[in-house]
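As C-alpha cells, one chain now follows by itself in the form predicted alone.
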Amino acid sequence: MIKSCQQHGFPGRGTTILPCIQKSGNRILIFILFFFFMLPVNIVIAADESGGDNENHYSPGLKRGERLFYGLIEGKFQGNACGDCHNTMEIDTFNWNPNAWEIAHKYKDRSVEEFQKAVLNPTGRTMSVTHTSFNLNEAEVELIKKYLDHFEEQGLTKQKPIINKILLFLLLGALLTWIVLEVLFLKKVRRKWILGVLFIGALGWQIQLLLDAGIALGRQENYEPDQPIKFSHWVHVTDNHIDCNYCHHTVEHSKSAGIPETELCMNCHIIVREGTYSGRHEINKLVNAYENGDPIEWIRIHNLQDHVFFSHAQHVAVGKIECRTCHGPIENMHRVKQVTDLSMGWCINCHRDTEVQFFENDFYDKYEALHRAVKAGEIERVTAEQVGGTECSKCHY
C-alpha cells in the first residue's frame, strides 16, 4: 500500500496515509461489490466440487448403470428412459412418477430378481405401457439397480442457490457504508447531491425489503409442497365426481375441514388399486400405511396465525361459501396450492363484498333490525360486514 502511495506522489513512511485511502476509495467499493457478488458463486463451485468427488470413484459397472438409467446408451430405449420420468434432482414442478430416490429406497433391500421383474415384467397398466419400449436384458437391469443403490445413499441433487433479496440487502448496506465513509473521511466526490440521491435510494430500497419481509411473515401465497402421497383433487372431484363433504366430513360442523382418515380412503381403494396417472406406486403407499397402522403425515398448506380464529362451519354451513372462494379452483388441482395470501385485508374485503344467505336461514333470525330494513327497502342485501364480519372480536379474542 505504501509503495503504491509513493508511486502516486503521496507521502511514504512516517506520514499519514489518509490521502492514499482517499485515492483508493473507489477501489475499496469495487472490492466490496466484487466480494459480495462472488461469494455465492464460490459457495456453489465448492459444493459442486465436493459433490462431484464421488464420480471419480465410480466402478465401470456403476458408471454403465448410470448411463443406462439416463438413456445414454444407444438402442436401449425406444421412448423415455428411466431418468426422463424419474427425476434425480429436487424440482418444483409436479411429477406423477416417483422420483429416483423413492424407487431406490423401495428396492434398496430387495433382491435383484424382484427389481428385474418390476422393470421387465410390470403388472400395472401404467408401467406396462411405458416399459414395453425398453430393450434391456437382466444384466443391464442389475446394473441400473446397482446405480440406484448408490444413488439412494447420495439422495436427490439439490438446486443451486441463487442471488436473492438477502444478497441485495447486503449490497445496499455496503453502498450505504461507502457513502458514509465518503462523506466523513474520503471526501472525493465533489457533487454531494449525488451522494444524497444514492443514500436516499439505497436506504429506501432497504426499508422496502424489510417491509416486504415483515408483511410476508406467516403468509404462504403460492405454497405448493409435495405430499407424502400424490393425491389429486382433479381425479377425485372432477373425474370421479366425489363430493367434497364425503372426504372432509367435518367441514359443516367443525372449525377444521378435517383430513380424511386412512380408513375412509380405503372405502374406495380396497378395490381401486391403480391410479389413472400414477399407476400403483402412490396407492400402494396408502395400502401399506393402512395395513401397517402407520399414520400418513400430510403437510398442512393453509395456515393462519395462532391469534386468528376461523371456522369452516361458520363459512360453509351458515355462510354457504363454496370451497373455491378461499381455496381457488381446487377441483382442477393435481397438487394443492394456496392461491391467496389469506391476509387480514383479504378477509375483510371479502366480508365487505360477500352477501350472506340472510333469508330462509334460521341463524340470522336474531338480526331483527336488518330484517326490518330489508322489508322497508332501505337496503337491498346484507353483507357479512353488516352482521359483524369486520368486528375485531369475531376473529381475535
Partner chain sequence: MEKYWRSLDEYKNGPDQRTEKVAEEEQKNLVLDLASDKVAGAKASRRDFLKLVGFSFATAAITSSCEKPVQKAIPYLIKPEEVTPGKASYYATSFFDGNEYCSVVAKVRDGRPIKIEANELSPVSGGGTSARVQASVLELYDQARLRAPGKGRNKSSWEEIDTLVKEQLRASSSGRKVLLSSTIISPTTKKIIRELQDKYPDLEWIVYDEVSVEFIRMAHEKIFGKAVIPGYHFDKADYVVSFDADFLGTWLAPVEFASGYAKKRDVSKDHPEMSKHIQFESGYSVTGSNADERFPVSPARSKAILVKLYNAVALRTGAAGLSGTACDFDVNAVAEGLLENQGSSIVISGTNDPDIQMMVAGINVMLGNYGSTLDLFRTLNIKQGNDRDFLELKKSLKEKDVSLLIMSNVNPVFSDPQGAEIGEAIGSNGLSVYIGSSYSETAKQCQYVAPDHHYLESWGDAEPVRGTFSLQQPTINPLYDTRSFQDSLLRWTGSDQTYYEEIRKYWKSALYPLSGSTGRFEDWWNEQLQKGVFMVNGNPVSYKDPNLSMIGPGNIPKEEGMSLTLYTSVGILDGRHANNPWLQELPDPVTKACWDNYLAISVADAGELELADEDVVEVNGLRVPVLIQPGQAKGTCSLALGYGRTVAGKVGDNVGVNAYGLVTAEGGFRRYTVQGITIGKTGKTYELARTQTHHSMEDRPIVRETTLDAYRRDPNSGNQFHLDAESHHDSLYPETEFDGYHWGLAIDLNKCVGCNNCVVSCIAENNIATVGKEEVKKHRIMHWLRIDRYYSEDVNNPKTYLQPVMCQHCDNAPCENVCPVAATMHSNEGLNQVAYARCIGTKYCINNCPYRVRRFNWFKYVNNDEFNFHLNEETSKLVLNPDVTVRSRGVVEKCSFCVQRIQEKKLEAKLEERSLEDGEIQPACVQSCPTGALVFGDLNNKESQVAELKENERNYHLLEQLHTLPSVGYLTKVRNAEGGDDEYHDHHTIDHS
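C-alpha atoms forming the largest set that superposes within 1.5 Å between two forms make up the rigid core. Numbering follows the first chain given and starts at 1. Note that the coordinates shown come from a computational prediction; the quantities given were computed from them, not determined experimentally.
Only in words, not in the display: the form predicted in complex with its partner chain, which the text now covers.
Site annotation in the model of the complex: the residue of 80, 314, 126, 88 reaching within 4.5 Å of its partner chain with a heavy atom is 314. Of the residues given (289, 179, 244, 136), 289 alone sits with a heavy atom within 4.5 Å of its partner chain in the model of the complex. The shortest heavy atom separation between residue 184 and its partner chain in the model of the complex exceeds 4.5 Å.
Its partner chain in the model of the complex comes within 4.5 Å of no heavy atom belonging to residue 234.
Residue contact check for residue 327: none of its heavy atoms lie within 4.5 Å of its partner chain in the model of the complex. Residue 270 falls outside the set of residues with a heavy atom inside 4.5 Å of its partner chain in the model of the complex. In short, of 188 to 196, 138 to 146, 100 to 108, 247 to 255 it is 247 to 255 that has heavy atoms within 4.5 Å of its partner chain in the model of the complex. Taking a 4.5 Å heavy atom cutoff to its partner chain in the model of the complex, the contacting residues in 257 to 275 are 259, 260, 261, 262, 263. Fitting the two forms on the rigid core leaves the C-alpha of residue 71 displaced by under 2 angstroms between the shown form and the other one. Fitting the two forms on the rigid core leaves the C-alpha of residue 176 displaced by at least 2 angstroms between the shown form and the other one.
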